[in-house]
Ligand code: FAD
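The chain below stands alone and is given as structure tokens, in the form predicted alone.
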């Protein structure tokens, strides 16, 4: 099923996972997926490593998601890809039933000056995919506080409009803790003529150093509420995780009120933490985190 068809009928709940590195077992992620399925996601996206590493395992995970009766979205970057290679990969995607891709430039590997492929930017990749595989539903990334390399938010929104014009059908935003910035972003892109659905990407606050690193590396602001949690729980990881889960649950409720078309949770493959956060947010109710009961125990909040 295409993501756009799902978004027409409901506000979505979805997850992002990443495949294990080569040589590492696949079973932990497969078990995480089985647990995440209990939360009834509308789709699950799968990344792969910088420079295209783990691309084969990405396809393996997407195939497993399809086999399990769920909807995958495969990330796909410009990094190192020639037109012929991209044609081959897309043919492979279609052959196993993948209908949705998230088209990205991708993070440049250390020391690279460009993508090393035939396309330098996501809008170029989109235009190619639209010509070669118009049947695929294509999503793109959005940056509520602008991409680090954009000179201004206006310039970045211009790039987003170009992506829409070249075939993008939905947007998934990158990490953003500032709800006011997110709401202003929605208003500004609509004024600029970007009409496709926007799914809010949410990074749960679970680990102090990881939260700081991910937020700063994406050029995002840290609201006072989060800054206080970071400052208050230095050296106490369990206390930080507890406070971070409570903060994330509040953020989920706030994002639901912004007008976003859905919520996309960056799970970091941590299914137990994600289950608890969603329950705290009132998205799902469950009798016990460690309950052996079936998915019937998880009821979507009307």
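Positions refer to the first chain, counted from 1. Nothing here was measured: the structure is a model prediction, and the numbers come from that model.
Beyond what is shown, the protein has a form predicted in complex with flavin-adenine dinucleotide; the following relates to that form.
Enquirer: Considering 71, 226, 198, 102, which brings a non-hydrogen atom within 4.5 Å of flavin-adenine dinucleotide in the predicted bound form?
Expert: Flagged contact: 102.
Enquirer: Tell me, out of 131, 232, 190, 121, which residue has a non-hydrogen atom within 4.5 angstroms of flavin-adenine dinucleotide in the predicted bound form.
Expert: Answer to the contact question: 121.
Enquirer: Judged by heavy atoms and a 4.5 Å cut-off, are 47, 141 and 159 together in contact with flavin-adenine dinucleotide in the predicted bound form?
Expert: Affirmative, all three are within 4.5 Å.
Enquirer: Report whether the minimum heavy atom distance between residue 163 and flavin-adenine dinucleotide in the predicted bound form is within 4.5 Å.
Expert: Output for residue 163 is yes: heavy atoms within 4.5 Å of flavin-adenine dinucleotide.
Enquirer: Evaluate residue 240 for contact with flavin-adenine dinucleotide in the predicted bound form, applying a 4.5 angstroms cut-off between non-hydrogen atoms, and reply yes or no.
Expert: Residue 240: no contact with flavin-adenine dinucleotide in the predicted bound form.
Enquirer: Is the gap between residue 87 and flavin-adenine dinucleotide in the predicted bound form 4.5 Å or less for some heavy atom pair?
Expert: No - in the predicted bound form, heavy atoms of residue 87 and flavin-adenine dinucleotide never come within 4.5 Å of each other.
Enquirer: Please check if residue 149 has a heavy atom lying within 4.5 Å of any heavy atom of flavin-adenine dinucleotide in the predicted bound form.
Expert: Taking the distances in the predicted bound form, the answer for residue 149 is yes, it comes within 4.5 Å of flavin-adenine dinucleotide.
Enquirer: So which of 182 to 190, 93 to 101, 106 to 114, 203 to 211 is the stretch with heavy atoms within 4.5 Å of flavin-adenine dinucleotide in the predicted bound form?
Expert: Heavy-atom contact with the partner occurs in 106 to 114.
Enquirer: Quick one: which residues from 57 to 86 get a non-hydrogen atom within 4.5 Å of flavin-adenine dinucleotide in the predicted bound form?
Expert: Those in contact are 75, 77.
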